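As structure tokens, one chain now follows by itself in the form predicted alone.
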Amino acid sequence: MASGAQLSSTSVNATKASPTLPASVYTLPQTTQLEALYTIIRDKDTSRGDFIFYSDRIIRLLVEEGLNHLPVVPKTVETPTGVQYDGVGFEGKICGVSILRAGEAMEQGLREVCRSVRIGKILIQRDEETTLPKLFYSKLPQDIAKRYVLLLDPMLATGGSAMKAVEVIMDHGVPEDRIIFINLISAPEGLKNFCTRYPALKVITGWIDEGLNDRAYIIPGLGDFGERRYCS
């Protein structure tokens, strides 16, 4: 990765999601350890401190896997033993964009593996008159059009906010296929909506839940991520 984003080398190797879901969707390996982490953060009796600690563990895995989907180029280096090693280097620069406010919780996980990474912010809320997502605020790196973008938001329910955020990013000159959307929990309905609109954009999710209830809440879900992280 060029200046402004030095990356760690850890990766967890995401797997393709169910064949019934879009081809652009990847999930973390559904191991018993990962399920144990999700069980903790889903539990309504989990303390705020534990919720933060264990959700941060999942976020770190997701960010690492998002980076694993960035393109690389051949790179040869000389090791301390004086031998040449033919490896790879990251191509281009990256930045993160968090969807406020819950997406801010994922920023630290990105900073832990990408040194000096630039991070933008987008605030999207529902317009009470139209019931559609509406942009209220955005602050993005000036050179975002030249970067790969990791879009950060913990929950994907209907997909409305995420689709609006991608629209904003693309309006700033970022091609669809240079955006990777990272989230902890997705609803199948939201994934289908999102990927139908943006088929060239990759989605890295930790877990795909059963679906949405009549209030558009993810089931079984984990409640309001932002409330549990910042207010419990």
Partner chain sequence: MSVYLDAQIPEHSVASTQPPSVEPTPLPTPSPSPRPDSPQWTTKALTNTILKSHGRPPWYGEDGHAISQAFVIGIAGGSSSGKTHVARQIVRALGSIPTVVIMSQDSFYKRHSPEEIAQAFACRFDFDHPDSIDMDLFAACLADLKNLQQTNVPVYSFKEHQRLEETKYLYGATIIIAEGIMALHEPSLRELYDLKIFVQADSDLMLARRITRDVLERGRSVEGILEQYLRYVKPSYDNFVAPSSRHADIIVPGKDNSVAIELISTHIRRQLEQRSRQFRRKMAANLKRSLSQGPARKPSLEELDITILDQTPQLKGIYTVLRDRTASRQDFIFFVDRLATLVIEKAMEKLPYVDKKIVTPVGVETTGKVLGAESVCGVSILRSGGPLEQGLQRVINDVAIGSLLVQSDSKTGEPALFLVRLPVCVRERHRAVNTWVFLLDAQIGTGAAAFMAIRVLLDHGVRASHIIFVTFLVARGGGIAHLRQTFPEVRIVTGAVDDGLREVWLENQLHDTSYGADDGFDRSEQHKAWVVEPGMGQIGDRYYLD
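By rigid core we mean the largest C-alpha set that fits within 1.5 Å across both forms. In this text the structure is predicted, and so the values were computed from the model without any measurement. Numbering follows the first chain given and starts at 1.
The same protein also has a form predicted together with its partner chain, omitted here; what follows describes it.
Chemist: Flag this candidate site as yes only if C95, R101 and Y230 all have a heavy atom within 4.5 Å of its partner chain in the predicted complex; otherwise mark no.
Modeler: No.
Chemist: Of these, L67, A187, I204, V174, which has a heavy atom no more than 4.5 Å from its partner chain in the predicted complex?
Modeler: So the residue touching its partner chain in the predicted complex, by this definition, is L67.
Chemist: Counting only non-hydrogen atoms and a 4.5 angstroms cut-off, does T79 reach its partner chain in the predicted complex?
Modeler: So T79 counts as contacting its partner chain.
Chemist: Is K146 near its partner chain? Define near as a heavy atom within 4.5 Å, in the predicted complex.
Modeler: Contact check for K146: no, nothing within 4.5 Å of its partner chain in the predicted complex.
Chemist: Looking at the partner-bound form in the predicted complex, is L132 within 4.5 Å of its partner chain by any heavy atom?
Modeler: Close contact is absent here: in the predicted complex, L132 is far from its partner chain, nothing within 4.5 Å, heavy atoms only.
Chemist: Would you please decide whether D50 lies within 4.5 angstroms of its partner chain in the predicted complex, comparing each non-hydrogen atom pair?
Modeler: Although its partner chain is absent here, D50 would touch it in the predicted complex, with heavy atoms inside 4.5 Å.
Chemist: Specify the contacting stretch among 35-43, 193-201, 176-184, 163-171, defined as having any heavy atom within 4.5 Å of its partner chain in the predicted complex.
Modeler: Among the candidates, contact is made by 35-43.
Chemist: Who in 93-112 is close to its partner chain in the predicted complex, meaning a heavy atom within 4.5 Å?
Modeler: If the 4.5 Å heavy-atom criterion is applied to its partner chain in the predicted complex, 93-112 yields R111, E112.
Chemist: Superpose the two forms on their rigid core, then report whether the C-alpha of Y85 is displaced by 2 angstroms or more between this form and the one not shown.
Modeler: After core superposition, the C-alpha of Y85 moves 2 Å or more between this form and the one not shown.
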